[in-house]
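The chain below stands alone and is given in structure tokens; this is the form predicted on its own.
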């Protein structure tokens, strides 16, 4: 039975990514030609699920997907990855989610998403998945699904003995009662500062690192154990509430080809390692190295590394795992 086995549960979005690789981003009203088109599976929830399962942990995905060609491709490919898709809901009325993504020559991206069926995942549908949520070792949620649904997920998860992770992206206003049920929150720097402002805290007026520390401390005051701020090619900043201290983890230096999905790779691998019982620091080290591999490859899910690749890179870089 699924309930008797440790697993990561990821609840969120699945999209079809339609990517154009171009020398640069167009200015407003401008057309830039000469790009290369690629189609990949994406969506934060699905991306994180692939990262989790490839890094060696049993993974269950819950989301809402249209009954259409894109949806069929999503189900087929994620199942081939080894992800348990038994609890996915198919929507006969809404199309599957689609993301249009521009990637420049530096690997940076601009993304516009039509969420489709993702944004129809309801609290009532989540209630029918109660036992799957309560029995997960680790529950991961992002914000490409409705806020009321996110609230219901954490309400249910709080009744279980699990690690509750929130990736507040794309960021929107969050009820404080959601944050009070979260163990680990993983924003990027911009999301950290915007969330801090949305929660009504005082303006940050210090140097950047001090601002990250203060914002992390303020957000953690809701009872969050760890605030992990991802900083792109600068690594990440971990604030540990119980010890009132911060730890910085630097990433390997690599040539980025495509940064789409790098944050999702980090979160999926982090959840996988926490599910296996790693400390937060060791889990972050695995996740940072995994993300550094992912940015050297094109596509979101296609770029996610496997456990043997992550461990080989950790060994190559002589990164100490305690």
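Not measured: the values here are computed from a predicted model. Numbering follows the first chain given and starts at 1.
One more form of this protein should be noted, the form predicted in complex with a small molecule, which is absent from this view; the next part is about it.
Student: With the small molecule left out of view, which of 150, 99, 236, 132 would have a heavy atom within 4.5 Å of it in the predicted complex?
Tutor: Checked against the cut-off, the match is 99.
Student: Can you work out which of 144, 94, 137, 191 has a heavy atom no more than 4.5 Å from the small molecule in the predicted complex?
Tutor: None of the other options qualify; the answer is 144.
Student: Although the partner isn't part of this model, could you tell me whether residue 111 comes within 4.5 Å of the small molecule in the predicted complex, counting any heavy atom of the residue?
Tutor: Contact check for residue 111: yes, within 4.5 Å of the small molecule in the predicted complex.
Student: Counting only non-hydrogen atoms and a 4.5 angstroms cut-off, does residue 49 reach the small molecule in the predicted complex?
Tutor: Taking the distances in the predicted complex, the answer for residue 49 is no, it never comes within 4.5 Å of the small molecule.
Student: Could you tell me if residue 43 has a non-hydrogen atom within 4.5 Å of the small molecule in the predicted complex?
Tutor: Residue 43: contacts the small molecule in the predicted complex.
Student: Should residue 310 be counted as a contact of the small molecule in the predicted complex, where contact means heavy atoms within 4.5 Å?
Tutor: Flag for residue 310 set to no.
Student: Using a 4.5 Å heavy atom cut-off, indicate which stretch of 65-73, 273-281, 254-262, 22-30 touches the small molecule in the predicted complex.
Tutor: Result for this chain: 254-262.
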